[in-house]
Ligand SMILES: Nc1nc2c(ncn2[C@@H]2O[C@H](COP(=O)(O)OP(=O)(O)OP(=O)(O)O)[C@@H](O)[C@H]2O)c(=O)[nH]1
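Next comes just one chain, in structure tokens: the form predicted on its own.
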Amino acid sequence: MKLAMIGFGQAGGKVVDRFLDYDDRTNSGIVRSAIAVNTAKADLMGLDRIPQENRVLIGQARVKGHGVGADNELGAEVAEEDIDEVQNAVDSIPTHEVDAFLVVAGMGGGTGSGGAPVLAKHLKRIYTIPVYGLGILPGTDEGGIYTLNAARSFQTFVREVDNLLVFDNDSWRSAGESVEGGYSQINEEIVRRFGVLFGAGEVQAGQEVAESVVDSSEIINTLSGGGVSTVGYASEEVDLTASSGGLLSKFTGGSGGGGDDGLDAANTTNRITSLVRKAALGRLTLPCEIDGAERALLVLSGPSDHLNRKGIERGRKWLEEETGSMEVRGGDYPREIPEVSASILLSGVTNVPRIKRLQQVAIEAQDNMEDIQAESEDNLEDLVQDDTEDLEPLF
């Protein structure tokens, strides 16, 4: 799948930067164009891979290149005011060569959480290709203002995109990690999981073609219908030097003929079904109960000798049973790397405890803001009245 990626805010820019690095390392061809948008000049200067001409500084008249200070209302206002500057950069994207836009943003800060939904709405109004969001939720230990920003931004972002893919930092930060080291590791996890998913079907010259092709239309169909999505991933190292006679021998040898090929086929099938279970029931990018997911996509990646149709079909059938969805797609993505991996996209998930907590935070914050505003108005009236009573007549 070829994407035009736009990183909005500090976290969004860093993740898109890391996607470009992933593209170079894996030759996956995912990122057709990359843009970074920010209100902080220093954040844009700190990027490594995104071309200088694609780094857009907005809000200079309001914040002078110093950021919006975690004020996502100001972030949204600045994005609205300077949307034409962002559009000038988007105009350079050959949209006829991309399958979708992916707007990437951290949802806890001010620029990304406020501006990303504004940009998504703008893109959907102009272009016919899908506009997806990749929203990164802050950890609960990052502070109340970031949680509140995420609660506000989530409701808007999910409404403005065709589907919102979510990564929850709360589930991935390790105890004792430095902030910089923790976020660097998290960004690598984001890129690895979504990279395998979006890379499926992008066959380069000299690469093997999949037996059961997963192309961009499969991903788009899985993400259709909107809502929230999460991704599961599991991998296992394999020995590339141990040739097993090829994929065809696994199909013919796995039917009970005995011998080495039959044993290899059974091992390959068992490995695949085990990886599918680990990916679905292990650490998802957004932890949730997988039952009730509206749609799902299974992508098995690795050396072709270690992939087989029987394993993929068994994995897909198991996923149908666990999710209760009849829309479960599946296929393989041959790559000559020493590991087999299963990547699972679960779209339209609803049983998500973290989102329910965020929604509760938003409701409570709104109630508190109304109480605080009413109390402030009462205090102001009392103060004015006291000052008036203290004034002595001039004559």
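Just so we're clear, the structure is a prediction, and the values are computed from it rather than from any experiment. Note that residue numbering follows the sequence shown and begins at 1.
Separately, the form predicted together with the ligand exists; it is not shown, and the next lines address it.
Proximity to the ligand in the model of the complex, taken as heavy atoms within 4.5 Å, picks out 105-113 from the listed stretches 155-163, 105-113, 307-315, 89-97.
For the marked spot (Gly199, Glu339 and Ser341), a heavy atom within 4.5 Å of the ligand in the model of the complex is absent from each of the three residues.
Distance criterion of 4.5 Å from any heavy atom to the ligand in the model of the complex singles out Asn187 from the list Ser274, Ser224, Asn187, Ser325.
Among the residues Val361, Ala70, Val56, Val352, the one placing a heavy atom within 4.5 Å of the ligand in the model of the complex is Ala70. Within 4.5 Å of some heavy atom of the ligand in the model of the complex lies at least one heavy atom of Ala11.
With a 4.5 Å cutoff on heavy atoms, Thr268 does not count as touching the ligand in the model of the complex; it lies far away. Taking the partner from the other structure, the ligand in the model of the complex has a heavy atom within 4.5 Å of a heavy atom of Ile136. Taking non-hydrogen atoms only, Tyr146 approaches the ligand to within 4.5 angstroms in the model of the complex. In the model of the complex, Asn38, Thr39, Asp43 are the residues of 26-47 with at least one heavy atom within 4.5 Å of the ligand, listed from first to last.
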